[in-house]
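One chain comes next, on its own, written out as structure tokens in the form predicted on its own.
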Amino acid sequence: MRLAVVGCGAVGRSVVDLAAEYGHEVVAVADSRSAAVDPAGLDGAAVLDRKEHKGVVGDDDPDDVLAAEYDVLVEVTPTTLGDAEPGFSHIARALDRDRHVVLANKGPVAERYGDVRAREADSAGIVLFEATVGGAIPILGTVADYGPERISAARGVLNGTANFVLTRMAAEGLDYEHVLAEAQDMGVAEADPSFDVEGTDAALKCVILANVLACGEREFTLADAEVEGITQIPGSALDLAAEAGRTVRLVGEATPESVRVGPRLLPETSPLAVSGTRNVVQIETTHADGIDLSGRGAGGPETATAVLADVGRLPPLE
């Protein structure tokens, strides 16, 4: 497949770096200020080297990527809420040209799922978005394999930053502010960690899951989710939980009817009581009971593997 990659953060750079290993060719790459386009195929290493040393990927305009001759648009720009722009417009332009789309950007399928599906229905292109939920963990692929109509719920730990903070608080008896500062120093938490610690990131992933599980019967957005973060959890609460053989994790749950995210008291032996930045999801199925999936829920190469797995699932364009 010929790939056009829009977004050159950690995930976009990893897609460019790994595409050839998966048998695909990158013909266009855009960052926020520039683009590189070559119908014969780009030298990915040269593009990434220029990005690292000059801050741009090429001499072309970012809009040129959307007009390039490609098979799959890989949309990995930062997630935005509300109208989910510019990600949604990127998707629309690709589908209007009957091209496939693969997303790591959560915004369009969390905030405008119905619009995305309507555009897809009028196009020969297909939209896939495994990378939007759980990084390298094949959550949406598993849901698709079993059939969303045969799954009653998906719940789990879907934000590595929040899980790292809670794990460290419990293990070391430290307070939230101390551990958060440590996480920021280590690069586990952003300078502005609110998206993670307030539960928004986990909620967006659960909204996407709920949209898939609802099978078109209803549409969810972030506004439909009940969300509580971890910022108000005192270290003493984790100490008391440990004395009772329990721990606290930020758990999200998606069903065809609802989305909820908040701290939950769990047995220390629970499959959901993963440590550090690890993610885990339990899928409740009609005939196969519960299925546990765990792995790296974030990271450039990890998320890029989910993107490229989706590319591999797409049929050739006619």
Partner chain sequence: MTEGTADAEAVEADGGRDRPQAHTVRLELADEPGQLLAALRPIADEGANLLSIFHERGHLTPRGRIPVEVDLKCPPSRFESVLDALRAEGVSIVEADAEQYGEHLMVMLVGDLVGTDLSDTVMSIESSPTATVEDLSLSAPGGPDDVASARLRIATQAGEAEAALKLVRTLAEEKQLHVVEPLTEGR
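None of the values given here were measured: they were computed from a predicted structure. Positions refer to the first chain, counted from 1.
There is another form of the same protein, the form predicted in complex with its partner chain; it is not shown, and what comes next is about it.
Every residue of the trio E228, A241 and E284 has some heavy atom no more than 4.5 Å from its partner chain in the predicted complex. Contact check for A237: a non-hydrogen atom falls within 4.5 Å of its partner chain in the predicted complex.
Shown alone here, S270 lies within 4.5 Å of its partner chain in the predicted complex, counting heavy atoms only. Its partner chain is not shown here, and in the predicted complex it never comes within 4.5 Å of any heavy atom of L180. At a distance threshold of 4.5 angstroms between non-hydrogen atoms, V251 is in contact with its partner chain in the predicted complex.
Of the listed positions (L293, L265, A67, V56), a single one reaches within 4.5 angstroms of its partner chain by any non-hydrogen atom in the predicted complex, namely L265. Comment: its partner chain is not present in this chain, but in the predicted complex one of K106, H90, R155, R112 has a heavy atom within 4.5 Å of it, namely R155. Shown alone, this chain has one stretch from 25-33, 59-67, 39-47, 276-284 that lies within 4.5 Å of its partner chain in the predicted complex by heavy atoms: 276-284.
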